[in-house]
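One chain comes next, on its own, written as structure tokens: the form predicted on its own.
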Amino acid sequence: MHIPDNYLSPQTAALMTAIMVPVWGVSIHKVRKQMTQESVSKIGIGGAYSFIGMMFNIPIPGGTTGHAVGGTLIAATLGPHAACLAVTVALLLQALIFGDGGILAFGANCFNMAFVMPFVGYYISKLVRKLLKFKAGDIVSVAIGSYFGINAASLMAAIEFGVQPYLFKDAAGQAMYCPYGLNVSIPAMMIAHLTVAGLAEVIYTVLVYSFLKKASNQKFYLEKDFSRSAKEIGDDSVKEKKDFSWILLLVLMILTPLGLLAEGTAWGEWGADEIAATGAGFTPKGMTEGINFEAMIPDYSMAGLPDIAAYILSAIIGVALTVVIFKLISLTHKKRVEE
């Protein structure tokens, strides 16, 4: 679901980024207003789980791959606005350092995975939770919410892909950017996510959510009374037992090379040199003449290192940076509160 550069027109990329600017603004405001310093720091852990989840590629019938994202997972534990910021940072690091997702397409990727996914997933989870009165109702509700969340995000990406050949053509009438219309992009994206990728999102969400619930013994955002103040929620956290969320994170980092077992590229994430071979029959002009950003660690690979070692090291770098970024943000949050 990581849209590369040059699949969307600059106009589309600019529009999606413009849409995300107020979303980021509101999310920052909500987090600063509602969360304590300790809770803001935990957003980094949530972003780390998202970063790691996206490294576990799984095979999709037809020769492509997919992965979980964890947007609903973070929204259910810390809230949808916190999830928006967590996934945004994870996507930014992937784009800048690892070349996973485009720089110009960053706004579109955030719209799909950092906005649509966690908000749709969370509010469906919340609705289902009201209907389920049994003890494990929250787990069932986040499972259902995560399934709808990733499929809503997938549909948005498919539409963004699919409108390109209708809106942007060269003088010869050929598509300038993504060459596949809605009749191809929607079935290709939705079949993969309604089946395998959607199931992967559910499994990842349930496993991590269940572990975190037992490991930290905390009352997650989905279960909280939203009328309580940030200070009251902060007082709640003092009573929690020691947080062991890092243990599962460490295990997942070690296991990330399993993502290398899935052969092929996710649908719509091909490079310009691959697009002609996918059935388009030509390489759109916008792809050959567009931006060509060179990431520091492209495709999570490092010269001189075996793929497995490079993948694990990439996971460590991504997780560490995500956690550190939000730790630093939490320090500024403390200063603001003290002032």
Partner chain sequence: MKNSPAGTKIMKTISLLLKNDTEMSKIEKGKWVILPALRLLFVLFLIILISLSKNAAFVIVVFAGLVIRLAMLKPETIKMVVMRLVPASLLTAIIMLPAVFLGNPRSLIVVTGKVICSVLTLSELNASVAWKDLTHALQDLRLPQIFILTIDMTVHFLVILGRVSNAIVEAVELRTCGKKNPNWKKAPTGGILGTTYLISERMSRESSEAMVVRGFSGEYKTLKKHKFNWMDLLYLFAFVLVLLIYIYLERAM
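Fair warning: this is a prediction, and the values are worked out from it, not measured in the lab. Numbering follows the first chain given and starts at 1.
There is also a form predicted together with its partner chain; it is not shown, and the following applies to it.
Taking the partner from the other structure, its partner chain in the predicted complex has a heavy atom within 4.5 Å of a heavy atom of Gln37.
Residue contact with its partner chain in the predicted complex: Met16 places no heavy atom within 4.5 Å of it. At least one heavy atom of Val323 is located within 4.5 Å of its partner chain in the predicted complex.
Using a 4.5 angstroms limit between non-hydrogen atoms, Pro61 is distant from its partner chain in the predicted complex. Only one segment in the set 300 to 308, 27 to 35, 65 to 73, 46 to 54 has residues whose heavy atoms sit within 4.5 Å of its partner chain in the predicted complex; it is 300 to 308. Between its partner chain and the residues Met253, Leu222, Ala188, Ala200, the one pair within 4.5 Å by heavy atoms in the predicted complex involves Met253. Using a 4.5 Å cut-off on any heavy atom, the residues of 309 to 331 that reach its partner chain in the predicted complex are, in sequence order, Leu313, Ile316, Ile317, Ala320, Leu321, Val323, Val324, Lys327, Leu328, Ser330, Leu331.
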